[in-house]
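Taking the form predicted alone, here's one chain by itself in structure tokens.
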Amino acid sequence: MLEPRIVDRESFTVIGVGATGQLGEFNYGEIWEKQYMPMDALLKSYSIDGGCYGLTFSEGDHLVYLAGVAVAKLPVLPAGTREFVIPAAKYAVFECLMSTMTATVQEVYGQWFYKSEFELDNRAVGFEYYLPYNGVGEMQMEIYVPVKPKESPPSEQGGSSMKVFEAIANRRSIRNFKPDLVSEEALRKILQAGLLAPSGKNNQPWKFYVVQGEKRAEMIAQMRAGIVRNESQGNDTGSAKYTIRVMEQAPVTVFVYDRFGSPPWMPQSIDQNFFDVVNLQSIGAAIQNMLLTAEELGLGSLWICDVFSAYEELSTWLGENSALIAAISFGVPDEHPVARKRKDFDDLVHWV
């Protein structure tokens, strides 16, 4: 298991260069190579620690990725740069190499949080710190993940079943979202929870497409085109028009595909049907993992099947020819509906 050091870091300022967009749109290598490196000598002349920083933060309805250095407060910024003040926070600091960064991040969100005494602090800003490098060997780095103590520490078995049950009981289908963006750390944790779901023969059949920012307008256009097509064919689109309103509000929508499946109108063998049933169960587990993790993080979610009204349009837009299973919208909830009535326990549970 990873063994980070826990530090309380004071607020500090980073100046640098970068790009705006949404999570998944950034070409990090290109930002560092084509934007940062031409200004490396200038920026390093202001650095207070000799290293470099990479961080993502929200700005309006988009995200900013900034590659830069930590500095003392400057009266005037160098031309072509911008600054961001990282607020004071508690961090779990994970040491790794450039080549192991992705694996380290996956282990942090997939295993370390589960067994640790901490949970993600969504209000703070995480970042990568690249240690001073002399060009020899591989670059060393540290990943700063903002954390806060869990309300109750994990049990000796490695987790608290009461917290899981509490998330299950408190979860609601949210149809009204605030405009606040979902942080990169929270979204990564939600997606990693989906990737950790059990699956038949460990096939991991899921594939996720994350839509946010300006791409949401394109998504909504595809939804509307699908509804028009279906209605022109005399098909009932149910509550899809209402669902569009929800998807327009939500800052993030994730489309879930079965990468081994095929569109429902394609002929299939009996063996393939059984295989699909197993994969659907696995994908259902992945979706539930994401819903419960969102609940744990204080975010709302809506599991959506109305996307089938625009099945063809959405799949063409995403360039995907496997089986569309569902979509999930995420965001800060602007409501907390009362729990819907459940059927009686004894009517549905039979002891053999």
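Worth saying up front: this structure is predicted, and the values here are computed from it rather than measured. Counting begins at 1, following the sequence as shown.
The protein also exists as the form predicted together with a small molecule; that form is not presented, and the subsequent description refers to it.
*Even though the small molecule is not shown here, does Glu295 get within 4.5 Å of it in the predicted complex, heavy atoms only?*
Looking in the predicted complex, residue contacts with the small molecule do not include Glu295, since no heavy atom lies within 4.5 Å.
*Heavy atom to heavy atom, is Lys241 within 4.5 Å of the small molecule in the predicted complex?*
Contact with the small molecule, no.
*Does the 4.5 Å heavy atom contact test between Met39 and the small molecule in the predicted complex come out positive?*
Result no; Met39 lies far from the small molecule in the predicted complex.
*Does Cys305 reach the small molecule in the predicted complex, with heavy atoms at most 4.5 Å apart?*
Although the small molecule is absent here, Cys305 would touch it in the predicted complex, with heavy atoms inside 4.5 Å.
*Taking the small molecule in the predicted complex as the reference, which of Ser173, Thr104, Asn203, Gln111 has a non-hydrogen atom within 4.5 Å?*
None of the other options qualify; the answer is Ser173.
*Which one of these stretches, 121 to 129, 269 to 277, 252 to 260, 164 to 172, sits within 4.5 Å of the small molecule in the predicted complex when only heavy atoms are counted?*
Only one stretch passes the 4.5 Å heavy-atom test: 164 to 172.
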